[in-house]
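Below you will find one chain, with nothing else, as C-alpha coordinates; this is the form predicted alone, and questions on how it binds or moves follow later.
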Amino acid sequence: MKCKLCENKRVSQDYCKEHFLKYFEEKVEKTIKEHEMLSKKDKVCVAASGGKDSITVLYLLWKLGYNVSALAIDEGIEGYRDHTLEFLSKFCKKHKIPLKIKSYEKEVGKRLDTTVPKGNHACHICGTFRRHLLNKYTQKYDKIATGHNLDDECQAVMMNLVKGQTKLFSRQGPKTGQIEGFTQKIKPLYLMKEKEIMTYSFLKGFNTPFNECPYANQSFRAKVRDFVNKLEYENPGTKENIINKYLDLRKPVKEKSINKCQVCQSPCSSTICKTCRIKQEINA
(Lines give C-alpha, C1' and ligand atoms only; values in the text may rest on other atoms or scores of the structure.)
Protein backbone atom coordinates (compact mmCIF):
# COMPACT_ATOMS: atom_id res chain seq x y z
CA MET A 1 0.00 0.00 0.00
CA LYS A 2 1.07 3.58 -0.62
CA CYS A 3 2.05 6.12 2.04
CA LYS A 4 -0.82 8.45 2.85
CA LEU A 5 1.45 11.45 2.16
CA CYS A 6 3.24 10.31 -1.00
CA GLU A 7 3.48 7.56 -3.63
CA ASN A 8 6.09 5.48 -1.80
CA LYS A 9 5.37 2.10 -0.22
CA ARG A 10 4.27 2.03 3.42
CA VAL A 11 6.56 0.65 6.10
CA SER A 12 4.00 1.25 8.84
CA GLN A 13 0.23 1.52 9.04
CA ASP A 14 0.27 4.96 7.42
CA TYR A 15 3.70 6.06 6.23
CA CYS A 16 6.68 5.31 4.02
CA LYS A 17 10.14 5.24 5.63
CA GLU A 18 10.86 8.96 5.16
CA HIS A 19 7.50 10.15 6.48
CA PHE A 20 7.40 7.63 9.32
CA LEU A 21 10.77 8.77 10.67
CA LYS A 22 9.63 12.39 10.38
CA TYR A 23 6.30 11.61 12.12
CA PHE A 24 8.02 9.72 14.94
CA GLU A 25 10.69 12.31 15.70
CA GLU A 26 8.27 15.22 15.52
CA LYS A 27 5.81 13.51 17.87
CA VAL A 28 8.52 12.81 20.45
CA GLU A 29 9.79 16.39 20.22
CA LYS A 30 6.22 17.68 20.58
CA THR A 31 5.69 15.48 23.67
CA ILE A 32 8.86 16.89 25.25
CA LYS A 33 7.75 20.48 24.61
CA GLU A 34 4.05 20.12 25.54
CA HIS A 35 4.89 18.52 28.88
CA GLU A 36 7.81 20.89 29.49
CA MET A 37 10.19 18.01 30.08
CA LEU A 38 13.48 19.63 29.17
CA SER A 39 15.31 22.81 28.35
CA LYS A 40 18.65 23.01 26.55
CA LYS A 41 20.18 24.16 29.86
CA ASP A 42 19.26 20.91 31.62
CA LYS A 43 21.70 18.09 32.23
CA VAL A 44 19.76 14.93 31.43
CA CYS A 45 20.78 11.35 32.14
CA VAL A 46 19.14 8.49 30.24
CA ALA A 47 18.49 5.29 32.18
CA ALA A 48 19.86 3.06 29.44
CA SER A 49 19.69 -0.71 29.16
CA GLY A 50 20.81 -1.08 25.56
CA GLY A 51 17.36 -2.15 24.39
CA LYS A 52 15.32 -0.48 21.65
CA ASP A 53 13.43 1.92 23.94
CA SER A 54 16.35 3.40 25.85
CA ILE A 55 18.57 3.52 22.73
CA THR A 56 15.83 5.42 20.89
CA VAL A 57 15.50 7.95 23.74
CA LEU A 58 19.27 8.32 23.98
CA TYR A 59 19.62 8.87 20.24
CA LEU A 60 16.76 11.36 19.93
CA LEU A 61 17.87 13.51 22.89
CA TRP A 62 21.38 13.50 21.41
CA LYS A 63 20.04 14.39 17.95
CA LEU A 64 17.88 17.20 19.38
CA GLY A 65 20.95 18.77 20.95
CA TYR A 66 20.33 18.16 24.64
CA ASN A 67 23.16 17.79 27.17
CA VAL A 68 22.77 14.03 27.53
CA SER A 69 24.62 11.24 29.35
CA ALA A 70 23.75 7.59 29.96
CA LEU A 71 23.62 5.45 33.08
CA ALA A 72 23.26 1.67 32.89
CA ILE A 73 22.55 -0.77 35.71
CA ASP A 74 23.99 -4.28 35.53
CA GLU A 75 21.63 -6.46 37.58
CA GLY A 76 23.84 -9.51 37.35
CA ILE A 77 21.71 -11.90 35.28
CA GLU A 78 23.86 -14.37 33.39
CA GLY A 79 23.37 -14.36 29.62
CA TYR A 80 20.99 -11.40 29.67
CA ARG A 81 22.44 -7.99 30.44
CA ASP A 82 25.96 -8.71 29.07
CA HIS A 83 24.88 -8.40 25.42
CA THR A 84 22.88 -5.19 25.80
CA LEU A 85 25.62 -3.47 27.82
CA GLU A 86 28.18 -4.33 25.15
CA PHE A 87 25.91 -2.85 22.49
CA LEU A 88 25.21 0.23 24.62
CA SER A 89 28.92 0.87 25.18
CA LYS A 90 29.61 0.79 21.43
CA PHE A 91 26.60 3.04 20.72
CA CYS A 92 27.67 5.66 23.27
CA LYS A 93 31.25 5.59 22.02
CA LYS A 94 30.08 6.10 18.43
CA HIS A 95 27.98 9.14 19.37
CA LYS A 96 30.42 10.44 22.02
CA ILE A 97 27.84 10.14 24.81
CA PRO A 98 29.25 9.76 28.36
CA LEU A 99 28.29 6.40 29.90
CA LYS A 100 28.48 5.06 33.45
CA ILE A 101 27.73 1.45 34.40
CA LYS A 102 26.85 0.47 37.97
CA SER A 103 26.21 -3.06 39.18
CA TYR A 104 24.15 -4.70 41.91
CA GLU A 105 27.16 -6.84 42.79
CA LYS A 106 29.33 -3.83 43.59
CA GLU A 107 26.67 -1.54 45.02
CA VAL A 108 24.42 -4.00 46.85
CA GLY A 109 26.85 -6.83 47.50
CA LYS A 110 25.26 -9.58 45.40
CA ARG A 111 24.23 -10.30 41.82
CA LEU A 112 20.51 -10.75 41.25
CA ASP A 113 21.18 -14.34 40.14
CA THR A 114 22.59 -15.20 43.56
CA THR A 115 19.85 -13.29 45.38
CA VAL A 116 16.82 -14.82 43.64
CA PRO A 117 16.91 -18.29 42.03
CA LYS A 118 15.90 -18.26 38.35
CA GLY A 119 12.17 -18.79 37.88
CA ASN A 120 11.28 -17.11 41.18
CA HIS A 121 9.73 -13.67 41.54
CA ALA A 122 12.55 -11.15 41.27
CA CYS A 123 10.88 -7.97 39.99
CA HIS A 124 10.23 -6.41 43.41
CA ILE A 125 13.85 -6.79 44.51
CA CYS A 126 15.26 -5.83 41.12
CA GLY A 127 13.02 -2.78 40.74
CA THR A 128 13.81 -1.51 44.22
CA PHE A 129 17.59 -1.79 43.70
CA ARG A 130 17.35 -0.24 40.23
CA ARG A 131 15.36 2.80 41.36
CA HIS A 132 17.76 3.29 44.28
CA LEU A 133 20.89 3.24 42.09
CA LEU A 134 19.38 5.39 39.34
CA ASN A 135 18.45 8.06 41.87
CA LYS A 136 21.78 7.78 43.71
CA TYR A 137 23.88 8.34 40.60
CA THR A 138 21.78 11.09 38.98
CA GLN A 139 21.81 13.59 41.85
CA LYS A 140 24.04 15.95 39.83
CA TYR A 141 21.60 15.90 36.90
CA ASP A 142 18.46 17.97 36.39
CA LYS A 143 16.41 15.14 34.85
CA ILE A 144 16.54 11.40 34.30
CA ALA A 145 14.92 10.13 31.10
CA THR A 146 13.53 6.61 30.78
CA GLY A 147 12.38 4.62 27.77
CA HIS A 148 8.86 3.96 29.03
CA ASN A 149 6.39 3.92 26.15
CA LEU A 150 2.61 4.04 25.79
CA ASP A 151 2.29 0.27 26.26
CA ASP A 152 4.38 0.35 29.45
CA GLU A 153 2.41 3.23 30.90
CA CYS A 154 -0.94 1.68 30.03
CA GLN A 155 0.15 -1.45 31.89
CA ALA A 156 1.24 0.63 34.90
CA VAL A 157 -2.14 2.37 35.09
CA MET A 158 -3.98 -0.96 34.93
CA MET A 159 -1.66 -2.59 37.50
CA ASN A 160 -2.26 0.17 40.04
CA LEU A 161 -5.99 0.07 39.33
CA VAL A 162 -6.23 -3.70 39.82
CA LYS A 163 -4.17 -3.51 43.02
CA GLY A 164 -6.22 -0.60 44.33
CA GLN A 165 -3.13 1.62 44.42
CA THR A 166 -4.81 4.65 42.89
CA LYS A 167 -2.82 6.96 45.18
CA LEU A 168 0.15 6.17 42.95
CA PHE A 169 -1.61 7.69 39.93
CA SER A 170 -0.28 11.13 40.82
CA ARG A 171 3.30 9.81 40.64
CA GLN A 172 2.89 8.46 37.11
CA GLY A 173 2.61 10.33 33.85
CA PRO A 174 5.05 11.80 31.32
CA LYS A 175 6.87 13.79 34.01
CA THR A 176 7.08 13.26 37.76
CA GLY A 177 6.81 16.06 40.29
CA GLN A 178 9.87 17.67 41.84
CA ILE A 179 10.50 16.04 45.21
CA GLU A 180 13.49 16.85 47.34
CA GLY A 181 16.10 14.10 47.16
CA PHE A 182 14.71 12.57 43.96
CA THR A 183 15.87 13.32 40.43
CA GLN A 184 12.86 14.33 38.33
CA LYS A 185 11.92 11.64 35.79
CA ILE A 186 10.73 12.28 32.23
CA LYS A 187 9.40 9.89 29.59
CA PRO A 188 9.88 11.28 26.05
CA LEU A 189 8.35 8.13 24.47
CA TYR A 190 5.22 8.37 26.64
CA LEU A 191 2.83 8.61 23.68
CA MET A 192 4.68 6.25 21.32
CA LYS A 193 3.48 2.67 20.86
CA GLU A 194 5.92 -0.19 21.28
CA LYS A 195 5.40 -1.26 17.65
CA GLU A 196 6.28 2.25 16.50
CA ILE A 197 9.51 2.20 18.51
CA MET A 198 10.40 -1.20 17.06
CA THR A 199 9.81 0.17 13.56
CA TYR A 200 11.86 3.32 14.22
CA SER A 201 14.72 1.30 15.70
CA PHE A 202 14.73 -1.04 12.71
CA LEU A 203 14.59 1.74 10.11
CA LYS A 204 17.43 3.61 11.82
CA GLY A 205 19.53 0.45 11.75
CA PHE A 206 20.18 0.40 15.49
CA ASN A 207 20.16 -3.42 15.49
CA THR A 208 19.54 -3.49 19.23
CA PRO A 209 19.80 -6.97 20.77
CA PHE A 210 16.58 -8.58 21.93
CA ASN A 211 16.72 -11.06 24.79
CA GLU A 212 13.94 -11.01 27.36
CA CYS A 213 14.75 -11.06 31.06
CA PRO A 214 14.43 -14.66 32.32
CA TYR A 215 12.33 -13.41 35.23
CA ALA A 216 9.91 -11.36 33.11
CA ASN A 217 7.22 -13.99 32.57
CA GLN A 218 6.88 -14.48 36.33
CA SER A 219 5.85 -10.89 36.92
CA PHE A 220 2.39 -9.46 37.52
CA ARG A 221 3.14 -6.93 34.76
CA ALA A 222 3.41 -9.78 32.22
CA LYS A 223 -0.11 -10.92 33.06
CA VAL A 224 -1.49 -7.38 32.76
CA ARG A 225 0.46 -6.89 29.51
CA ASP A 226 -1.15 -9.97 27.94
CA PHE A 227 -4.60 -8.89 29.14
CA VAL A 228 -4.26 -5.36 27.73
CA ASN A 229 -2.82 -6.67 24.45
CA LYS A 230 -5.87 -8.90 24.07
CA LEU A 231 -8.17 -5.93 24.67
CA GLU A 232 -6.23 -3.87 22.11
CA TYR A 233 -6.46 -6.65 19.53
CA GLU A 234 -10.22 -6.98 19.99
CA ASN A 235 -10.82 -3.23 20.40
CA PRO A 236 -8.16 -1.19 18.55
CA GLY A 237 -7.40 2.10 20.32
CA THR A 238 -7.87 0.69 23.85
CA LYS A 239 -4.35 1.59 25.00
CA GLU A 240 -4.57 5.18 23.77
CA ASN A 241 -8.00 5.54 25.38
CA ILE A 242 -6.66 4.36 28.75
CA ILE A 243 -3.71 6.78 28.66
CA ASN A 244 -5.77 9.73 27.43
CA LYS A 245 -8.39 9.20 30.13
CA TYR A 246 -5.66 8.81 32.76
CA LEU A 247 -4.10 12.13 31.70
CA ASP A 248 -7.53 13.80 31.94
CA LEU A 249 -8.12 12.50 35.47
CA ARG A 250 -4.56 12.77 36.79
CA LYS A 251 -4.12 15.24 39.63
CA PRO A 252 -0.90 17.14 40.42
CA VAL A 253 1.39 15.33 42.82
CA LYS A 254 1.13 16.40 46.46
CA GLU A 255 3.93 14.77 48.40
CA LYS A 256 4.46 14.97 52.13
CA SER A 257 7.87 15.80 53.52
CA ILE A 258 10.41 13.08 52.78
CA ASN A 259 12.42 11.32 55.49
CA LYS A 260 15.99 10.09 55.16
CA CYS A 261 16.89 6.45 55.59
CA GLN A 262 18.66 5.89 58.91
CA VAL A 263 21.05 3.46 57.21
CA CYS A 264 22.02 4.99 53.85
CA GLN A 265 20.57 8.52 54.11
CA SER A 266 18.57 8.10 50.88
CA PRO A 267 15.16 9.80 50.74
CA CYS A 268 12.30 7.50 51.76
CA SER A 269 8.84 7.53 53.31
CA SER A 270 9.77 5.58 56.46
CA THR A 271 12.74 5.27 58.81
CA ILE A 272 14.56 2.67 56.67
CA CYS A 273 14.29 2.57 52.87
CA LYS A 274 13.18 -0.52 50.92
CA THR A 275 16.66 -1.10 49.54
CA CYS A 276 18.22 -1.35 52.99
CA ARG A 277 15.37 -3.53 54.29
CA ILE A 278 15.84 -5.97 51.41
CA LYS A 279 19.60 -6.00 51.89
CA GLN A 280 19.09 -6.82 55.55
CA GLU A 281 16.75 -9.67 54.65
CA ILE A 282 19.21 -11.03 52.08
CA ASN A 283 22.14 -10.91 54.49
CA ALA A 284 20.05 -12.55 57.19
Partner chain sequence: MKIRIEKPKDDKETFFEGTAKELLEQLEINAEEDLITRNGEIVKLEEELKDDDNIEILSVVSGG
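What you see is a predicted model; the values in this text were computed from it and never measured. Residue numbers count along the first chain shown, from 1. Each form is matched to the other, and the largest set of C-alpha atoms that superpose within 1.5 Å is called the rigid core.
The same protein also exists as the form predicted in complex with the partner chain; that form is not shown, yet it is the one meant from here on.
Novice: The chain here is shown without the partner chain. Which stretch in 242-250, 25-33, 64-72, 224-232 comes within 4.5 angstroms of it in the predicted bound form, by heavy atom distance?
Specialist: Result of the contact check: 224-232.
Novice: Could you spot which one of 138, 199, 115, 176 gets a heavy atom to within 4.5 Å of the partner chain in the predicted bound form?
Specialist: Selected residue: 199.
Novice: Which pick from 97, 101, 161, 203 sits with a heavy atom within 4.5 Å of the partner chain in the predicted bound form?
Specialist: Residue within 4.5 Å of the partner: 203.
Novice: Heavy atoms within 4.5 Å of the partner chain in the predicted bound form: does residue 211 have any?
Specialist: Although the partner chain is absent here, residue 211 would touch it in the predicted bound form, with heavy atoms inside 4.5 Å.
Novice: Closest heavy atom of residue 111 to the partner chain in the predicted bound form, within 4.5 Å or not?
Specialist: Flag for residue 111 set to no.
Novice: Using the partner position in the predicted bound form, report whether residue 107 sits within 4.5 Å of the partner chain, counting heavy atoms only.
Specialist: Residue 107: no, not in contact with the partner chain in the predicted bound form.
Novice: Quick check on residue 13: any heavy atom within 4.5 Å of the partner chain in the predicted bound form?
Specialist: Residue 13: contacts the partner chain in the predicted bound form.
Novice: Any CA movement of 2 Å or more for residue 237 between the shown form and the other one, core superposed?
Specialist: Residue 237 C-alpha, core-superposed: shift of 2 Å or more.
Novice: With the core lined up, does the C-alpha of residue 226 move 2 Å or more between the shown form and the other one?
Specialist: Yes.
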